[in-house]
Each structure stands twice: as C-alpha cells, then as structure tokens.
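Next up: just one chain, as structure tokens, the form predicted alone.
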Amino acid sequence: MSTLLKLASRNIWRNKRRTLITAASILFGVFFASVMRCFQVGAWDNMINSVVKYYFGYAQIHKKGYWEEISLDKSMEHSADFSQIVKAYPEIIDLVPRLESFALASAEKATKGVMVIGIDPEPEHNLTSLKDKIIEGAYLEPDDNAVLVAEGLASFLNFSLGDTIVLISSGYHGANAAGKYPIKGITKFGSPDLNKRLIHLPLKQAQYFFAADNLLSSMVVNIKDKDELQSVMGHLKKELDPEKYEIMDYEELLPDLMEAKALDVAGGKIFMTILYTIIGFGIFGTILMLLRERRYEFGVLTAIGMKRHQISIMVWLELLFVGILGCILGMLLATPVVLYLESNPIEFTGDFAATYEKWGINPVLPAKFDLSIFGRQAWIILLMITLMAIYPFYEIFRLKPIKAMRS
C-alpha cells in the first residue's frame, strides 16, 4: 500500500496543469459552499435569537393543556419547585414568571383589546431587555401599582405619561376584573402588532387584577447557551411531572418560523446540489482525460504484472489527493472570510433594515464559523470522488494490455 501511495503522490504532479485546474475547481466549490452555508446558519441564528429574546424565550413551562387553549383558567401555581430547578442546573439562568391574558383598555371615548402581561421586572429585563424599550418614563418596580403601555396603543387611546388607563377583563374562573392604573412608562416594540396592544403590569398587581393569587400562565426559561437547550429540556422534563406540566422549546412555540427556516434550508440544499453537480462534471472530465492520456501506461503496468485492482486503487488515490488538496485550500481560503464576517457582520440600511427592525430582528447578516460546516463540504467532495472512481475501475478492469499499448 505504501508503494501505491508513493506512486499516486508522484503521479498527480506529472501533469501539473491538470492537477491545479481540478484542485482549483474543488477549491472554489468548497469556498463558496462553506461561505454560503455559514451565512445561512448565521442569518437564522441571528433571526431566532432576536425573536426568542424578543419575547418567547428558548423554552416555556405551562400547565398541561395551556398552549392549546391559552386560557387564564389553565394557569399553574408559582411553586417553590421552580427555584430548586434553577439552583440544581447551572445552565439555567432563571425561570421568568408571567401571567398573561386579554383585557379591554379604555380612554374617554375609545376602547381597544389589549394583551396584559404581569411580569417580575428584573428577570423580565434580563430575558427581553424590556427596560431598554422604554422611550418615555421609567421602568416598573415589583411593588408598583402602575403600567407600561406600548407606544402604538398609547397613541390610539391618546394617552401620555402619567395618565390613568382603565382595564376591564374576565379573571380566573370568570371573576370580574377591573382596575385603574397610572402610566409609568411608554415602550416601543419593533413588531407593529405588539406595539399596538401590549401592556405590562408588575406580577403581583396582575395576579390581584385577574384574581389569580400565586398563579402563572407560564415560566420562560432563560439559559446561558442555546447549544445546551436540549440538555436543559431533558433536565426539566425529568424534574417536572409530565402529567402536570408541558415544557415546550422555541421550535414548538414558533412553528411558522421553523417552517420558513426549513424552506430556506431546502432552497440552500438545491443550490448546493447544483454547485456540486458542476464540480462533479469537472472532476469527471479530469477522470476521462486521465484515462485517455494514460491508457498506454496502464497497458504497460498490466503487462509487467501489476494487478488491475492495484492500478485502480492508485488512480483513486490520485483523485483523492487532488480532492484533499482542493478541500484544504478551499477551507483555508474560507476561514478568514467567515471569521471576519462573524466579527463584522454585513449591516443592512434603508428599507431593508427598517423591515428587519419592524419585526424586532437585528438588521445584520452575520456568518457563523463552524468547523462542522467546513468538514461537511470536504466529505461531500471526497464521497463524490469515491463514487466517480467506479468508472476508471470499470475501464481498467476491462483494459486489454496489447490494444492499450498500440493506441
């Protein structure tokens, strides 16, 4: 085998032009495929991180059946078990409590349906940066008897800082819910839908308003690293009674976004297939030239006693060396480009940026450096070479030495 390796390594430089052209085609294929895939992964990571940190969190805990009905009557008790879970698992930063329901907000001559969210101010800010979304006034304190009102809603109802808003709703198990609250702050959200209907109350006031003492609609899981999400989910499902609670990650909470991602990934795979098909034709053309130019050589090697399978392995090794050379050069060329774009993402401006910001997404296009992406492109190339080596194997095994030496 060592002899075949030496022969193969020498043979690839017998025709330097052919070797360099083939390696270059593989280089650019690996380069473009790697950069494009890194951009795609980076863009979706940015989008998911923005959406997740905007409101939903990476996972949520509800009372079993809550997500199907999204009803206040499916609220769960704020148990001490939740605090023990956070202490027992270091990857969980916090479990952020919320009590959410709908209400009518009214001014003198206007009424609008709104979403009322009871929050624990500090943990909520750590998850969603809610404090940074205040454009007027101040942030809530846990014991405040006041509200934060979204800008679009305040404009519709003609409210300003310090005015009193009246909320009317149906509380837990049909209890009457009514209250008047001064506006302590006005918030602005990128999402037009949230900006027109969101009101935040301190958790204690929300529980009192909805007659839901010590009850929560959800606990949002705030984690240190999203790569640990599956481990965290496994821990939560182990610690919490599945008959009592449902634990859902962001993929279950945001199925529409996941479908859009799957569609985009499918489109990327089609493009990659086209790219690698073009590369494949280039490699196959090299194989055809190699067989034609070295027909006499293969005839002589067969005539002097070299086994046909040894010649076939030698040819495969030559193709493999060229493929490895092209893959390494492609990865070396792509690495600094991806690292630079990861640290300095492309920033959108104008209408495109406004569209991103409208939905609360950071208007940038980052790349993500991931060695597995580079490795995957290399494996695809090497697999293609191995499959295409079947043809020279076939030609070498049907070679007639005397006819080949006369050609």
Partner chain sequence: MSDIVIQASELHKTYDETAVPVHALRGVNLQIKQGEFTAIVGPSGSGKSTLLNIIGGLDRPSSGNIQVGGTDISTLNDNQLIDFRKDNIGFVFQSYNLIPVLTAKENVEFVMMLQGSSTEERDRRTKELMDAVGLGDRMHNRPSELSGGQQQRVAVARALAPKPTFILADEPTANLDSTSTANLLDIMARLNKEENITFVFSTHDQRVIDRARRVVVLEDGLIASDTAS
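On a predicted model such as this, the values are computed, not experimentally measured, just so you know. Positions refer to the first chain, counted from 1.
Beyond what is shown, the protein has a form predicted in complex with the partner chain; the following relates to that form.
Not one of Asn49, Lys224 and Pro363 is positioned with any heavy atom within 4.5 Å of the partner chain in the predicted bound form. This chain lacks the partner; the member of Ile274, Ala303, Ala262, Ala80 within 4.5 angstroms of the partner chain in the predicted bound form by a non-hydrogen atom is Ala303. Contact with the partner chain in the predicted bound form, defined as a heavy atom within 4.5 Å, holds for exactly one of Tyr172, Tyr296, Phe156, Phe102, namely Tyr296. Of the candidate stretches 305 to 313, 131 to 139, 105 to 113, 224 to 232, only 305 to 313 contains residues with a heavy atom within 4.5 Å of the partner chain in the predicted bound form.
For Arg10, a non-hydrogen atom is located within 4.5 Å of the partner chain in the predicted bound form, even though that partner is not displayed. For the chain shown alone, Lys16 is not a contact residue for the partner chain in the predicted bound form, no non-hydrogen atom being within 4.5 angstroms. Of the residues in 376 to 402, those that come within 4.5 Å of the partner chain in the predicted bound form through at least one heavy atom are, in sequence order, Lys400, Pro401, Ile402.
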